[in-house]
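In the form predicted on its own, a lone chain appears below as structure tokens.
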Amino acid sequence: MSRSETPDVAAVQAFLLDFQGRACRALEEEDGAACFREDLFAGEGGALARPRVLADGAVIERAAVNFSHAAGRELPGAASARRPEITGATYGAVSVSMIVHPRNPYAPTSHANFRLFVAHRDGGEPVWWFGGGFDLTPYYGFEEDAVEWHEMAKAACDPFGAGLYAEYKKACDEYFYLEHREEPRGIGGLFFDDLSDGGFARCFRFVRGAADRYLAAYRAILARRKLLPYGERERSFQLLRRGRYVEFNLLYDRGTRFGLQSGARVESILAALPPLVAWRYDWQPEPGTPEAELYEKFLRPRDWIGARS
């Protein structure tokens, strides 16, 4: 975390608002029927929430692309748990969080989050850091999609250090993991926190590049898979796997905990959950099926970049 410079919060907010707009337009174009609903909520100290939700589209069953500028007198425990020296500090945070649940089981769910925290304590220098990342949760595995996803993730990292992709990929694999089921949520991507090394300008360039790469990569995959024919078997499996997604968000996700602890609007926080899910008692995939292949080949850490060679 950095204590030596003042971050340009206004520039970050402007980028995130623009990214929200571009993401919503891209998803509306891919859906071809539904549009996002926007709400605006203003709070004390310049706080602002601009959630946007698309529901019941032809291609997208639900998507939430939410901008938030939060401000508070005491940093919530979800943000300060790993930083005891700033417990109780006043804070500001600007962020965009995005989740897309397509209707077609062959199209993967996608999540991204990009945020800047700035904490102030006892009149000292501000403490700031970026966090976020993106990940992909397929219901049926396509190696082409997984390789392309990780190539885009690596391309976002490579200008900032040869080992950065491997570090952030590993962090993503470890974070998006359901410990109680001993299985990953999906095929990962990038996850970073406490990002301040190299100064604000460098870190902000990385975040902008990661956000842009994410949007391009996911839109390409969604366009490829959204119209594939499917039946009740695939839909049933999709709803089962969506249940795993809900379990992760409610049990482990730090962003969900931060939102609830900071008093954010509950409807906005939970808008990221899929509209329909299912749980089946002691379900196991049949050997040799595409459902089993997801577990055997995709729901485990892999070197996806090397898979193309």
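Every value quoted in this text rests on a predicted model; they were computed, and no experiment measured them. Residue numbers here begin at 1 and follow the sequence given.
There is also a form predicted together with another copy of the chain; it is not shown, and the following applies to it.
Heavy atoms of residue 28 never reach within 4.5 Å of another copy of the chain in the predicted bound form, leaving it off the interface. With a 4.5 Å cutoff on heavy atoms, residue 274 counts as touching another copy of the chain in the predicted bound form. Although the partner is absent from this view, residue 155 stays clear of another copy of the chain in the predicted bound form, with no non-hydrogen atom inside 4.5 angstroms. In the predicted bound form, no heavy atom of residue 33 sits within 4.5 Å of another copy of the chain.
Shown without its partner, the chain has 37, 39 in segment 20 to 42 as residues with a non-hydrogen atom within 4.5 angstroms of another copy of the chain in the predicted bound form.
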